[in-house]
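Next up: a single chain in structure tokens, the form predicted alone.
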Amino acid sequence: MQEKQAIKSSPLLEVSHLAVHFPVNGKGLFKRQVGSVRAVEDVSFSISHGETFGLVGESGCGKTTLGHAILQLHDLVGGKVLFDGQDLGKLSKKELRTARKDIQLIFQDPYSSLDQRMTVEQIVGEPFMIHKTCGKKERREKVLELLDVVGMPSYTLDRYASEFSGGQRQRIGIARALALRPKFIICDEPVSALDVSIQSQVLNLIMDLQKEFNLTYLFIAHGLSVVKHVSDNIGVMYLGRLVEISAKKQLYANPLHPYTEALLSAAPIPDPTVERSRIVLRGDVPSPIKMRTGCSFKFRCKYAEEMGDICKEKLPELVEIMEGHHVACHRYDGQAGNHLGKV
């Protein structure tokens, strides 16, 4: 695979200390709030023009919530999102609607994300109708162009979503995301619901479209092999927090956080002659509702006992250990360079 061209240094998206909490209500008549699910907590990162930032982690770690928070679909408890220099949280509803033309979403499930009562023309043409960018005749022409771009034949224009396979539906969803020529697309596990034989086709399409339309991606996925294939930089998320951020090659060659080590040890290698020592994580993921002191990974970490009380008492900060490589782990205390959140 050819390496991407040099990426512009100026960030298109800057996420700073983002936090999203969901209320937990008790039983009874009044259902008073008794706690909060800390879905996303103190997350900071940036994505440059033309870059793909991969985001990986276990189910329930907050990846999708983070993507929706960037779109301002969830109320933020703290932090901010700067897109192309604009603070999305300070925009009016009208201004935010305009800004969202440049930020689109490819959904995980190609079945539930498409309205079964609408034709392909209506689905792909809906963004044009919502933003009132063109008339009916021009809209039909644009939809035909988009279908051609994603590899769908023109005769599918008047057919319904229920008539297509999962891979074809996802192509329709990608066409819809491209309709308004966005700058930034959040790909929320776009191939996880597809057959393995189709996944590579859709991945290659997504990468080809990035080159053709100069797109910037936040690529959310479970599979580390998928993220490695498409990403420039990768963030590893655990229980609502980023625990490691690095360039792709550096992360796979030298993972620093024990959670990243465990994830990489579980990734399959397409070579039967290569043996890898599997790291089995003990215990379960802690509840995001209960407040705990110290590192959130301490109960599953193989280094926690040798580190002593610091892992139990102090939350590790995400700090830069080497150029472009950030990690939140007490094993690297004293080796930090610049703190990620500082500008």
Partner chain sequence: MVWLDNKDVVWYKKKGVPKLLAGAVIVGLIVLIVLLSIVWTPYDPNLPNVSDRLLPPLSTGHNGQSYYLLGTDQLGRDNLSRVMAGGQVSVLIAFLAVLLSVVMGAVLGVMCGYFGKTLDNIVGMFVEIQHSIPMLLIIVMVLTLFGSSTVVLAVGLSLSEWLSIFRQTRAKTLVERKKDYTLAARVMGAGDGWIVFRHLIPNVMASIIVYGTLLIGTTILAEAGLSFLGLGVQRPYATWGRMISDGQTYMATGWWVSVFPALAVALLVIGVNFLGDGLRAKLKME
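Only a predicted model underlies this, so the values are computations on that prediction, with no experimental measurement involved. Positions refer to the first chain, counted from 1.
Beyond the structure shown, there is the form predicted together with its partner chain, which is absent from this document and is the topic of what follows.
Of the heavy atoms in K248, none are within 4.5 Å of its partner chain in the model of the complex. Contact annotation: R169 falls outside 4.5 Å of its partner chain in the model of the complex, judged by heavy atom distances. In the model of the complex, its partner chain lies farther than 4.5 Å from every heavy atom of D84.
Mapping the unseen interface onto this chain, R181 falls outside it, with no heavy atom inside 4.5 Å of its partner chain in the model of the complex. Judged against its partner chain in the model of the complex with a 4.5 angstroms heavy atom cut-off, the residues L71, R97 and Q104 are in contact without exception. Residues placing heavy atoms within 4.5 Å of its partner chain in the model of the complex fall in a single listed stretch, namely 129-137, out of 129-137, 235-243, 220-228, 192-200. This chain appears without its partner; in the model of the complex, the one residue of D208, E145, E121, D115 with a heavy atom within 4.5 Å of its partner chain is D115.
Although its partner chain is not shown here, in the model of the complex the stretch 171-209 places heavy atoms of just one residue, R176, within 4.5 Å of it.
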